[in-house]
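Presented below, as C-alpha cells, is a lone chain in the form predicted alone.
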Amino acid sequence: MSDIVRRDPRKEWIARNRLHPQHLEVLAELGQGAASEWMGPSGLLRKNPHAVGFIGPNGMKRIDRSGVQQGAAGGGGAAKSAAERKPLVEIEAPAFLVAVVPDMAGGRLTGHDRDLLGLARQLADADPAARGAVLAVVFGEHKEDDFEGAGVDRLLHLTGPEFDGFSPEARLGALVAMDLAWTPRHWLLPDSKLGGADLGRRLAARLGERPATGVWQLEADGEAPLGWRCIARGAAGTLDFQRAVPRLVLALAECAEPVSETRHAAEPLALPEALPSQLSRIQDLGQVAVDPAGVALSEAEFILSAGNGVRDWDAFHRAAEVLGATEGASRVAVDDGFMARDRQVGATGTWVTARVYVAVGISGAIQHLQGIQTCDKVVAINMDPGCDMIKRADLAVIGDSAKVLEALVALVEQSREEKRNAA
C-alpha cells in the first residue's frame, strides 16, 4: 500500500465550519480538539478565529462572548477535568519568593488579583536556572478553591478575629513578620480601593521601601538591579513613568495576563513563629448601612440595570429596593425618560466595575457591553435567547422580566421572614 497520506476535503470543510452538526466530532477525529488548527490545501497552517483563546494578528487575545469561559469557571465536572489535564508545576526548592497579597473581595480572587498573580509569575519564572515561587497571603475566611489554577506555589492562610473586617494594623504586623521570616524578593499588592492600595503603602513605610504605584506593565531590562523595569501611570493617568522595579510594587488591573495554561501546587505554609497577640489598636464596629440609591454607579458593587424590555417600572424599583441593589439603565431607557442620565451604563454613560451586574431586558449593544466588561459576574434576564447580553452573561434567565423579578422578590422576602422567625 502507498504511504501517501490522503486528505479528506469534506472533513476539512466540516472542521472549518463550526456550525456544522459534526464539527466537534470531526475535530476530535482529526486530533485538533479545542485548538481548531488544520493544514490547508496550500500547506499553510490554518486557525479557527472563533476558538477560545485565539490570538489575533495584533497580538491581542480574542474575547469570548459565547459563555464557554464563564461556564468553565463555574466549577462543573467538565471544567474540573479540563483543569486537571493542565500540566502541574511544582517548585521544590525555590531560589526566592515573590509575595502577593490579593484583595480577595467577597472571599474570592478578583480579576485584579489574578492579573497580579500573573505578574508575579513573570518575575518568578524569568530565570529558568533559578526559579522563584509565588507566595499568596490570604487573610480571614474565603471561598476560593482555585489557587492552583491562578499560579500560586505557596499559600499562607492567616485566620483569626484580629484579621476580620477592617484590620490594617493586624495585617501589616503579619506581613512584617513574613518579611523577617522569608525576605521575599518582591512584594506585589493591588493598587485598588478595596484595601490593597492602603495596605501596600503602609507596608512600604514600615519596610522603608520606595514603592512603585500605578504599575500597569513590566519589561525585562538587563541593566536594572533586579533585571526588570516597570511602567507606571501618573499625573492623573496622563503620563507614564519608567523606573527599575523596586522591591514593593502596587499594580493596576490588567497589568499582566492571568495564569491559564498550568496548575501549581499551592502548598500551605505556616509562619515559623506565632504572631503577637495584640497587633491592632483599631476596633471594627461593623459596616454602616448605606442607601444603594445614593451610591454612584462607578462605585456600586451590586447593580440592577433596566433596558427596553422593562414594562413594569414600579416592580423594577421595588426589586432594586428589596435586593439592596443600585439602579442602572441602558441608553434606551434613559432616552425614553424612565431613568435619570446619571444612571446610564455603558461607553456613553458610566463604566462600572460591579461584582454582580443584573441586566433586565437589555439586549446588549456594543457600547453597553464595553461599559460592563470589568464586572465580575453578569446575570441577564431576557426573552431573546440569542441576544448579545445572553452570550456575555455568566448566568442567563430566559423569560418575562416582570415575572422573574416578582418571583425573585418573593423568594428574598420569604428567606428574610424565615430568618426573623428563627431568631
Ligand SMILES: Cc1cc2nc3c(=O)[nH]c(=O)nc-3n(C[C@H](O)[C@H](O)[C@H](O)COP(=O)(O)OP(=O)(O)OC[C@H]3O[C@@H](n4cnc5c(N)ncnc54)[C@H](O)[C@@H]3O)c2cc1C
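Since the model is a prediction, treat every value here as computed from it, not as a measurement. All residue numbers refer to positions in the sequence shown, first residue = 1.
Same protein, other form: the form predicted in complex with this ligand, not shown, and the subject of what follows.
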Contact test, all of 185, 215 and 230, partner this ligand in the predicted complex, heavy atom 4.5 Å: no
In the predicted complex, residue 190 touching this ligand (heavy atom, 4.5 Å): no
Contact test in the predicted complex: residue 151 vs this ligand, heavy atoms, 4.5 Å: no
is_contact(residue 248, this ligand) in the predicted complex, heavy atom dist at most 4.5 Å: no
Exercise: residue 353 in contact with this ligand in the predicted complex, heavy atom 4.5 Å: no
One stretch from 287-295, 345-353, 151-159, 127-135 that, in the predicted complex, holds residues within 4.5 Å of this ligand by heavy atom: 345-353
Of 243, 311, 210, 206, the one that lies within 4.5 Å of this ligand in the predicted complex (heavy atoms): 311
In the predicted complex, residues of 343-372 near this ligand [heavy atom within 4.5 Å]: 344, 345, 346, 347, 348, 349, 361, 362, 363, 364, 365, 367, 368
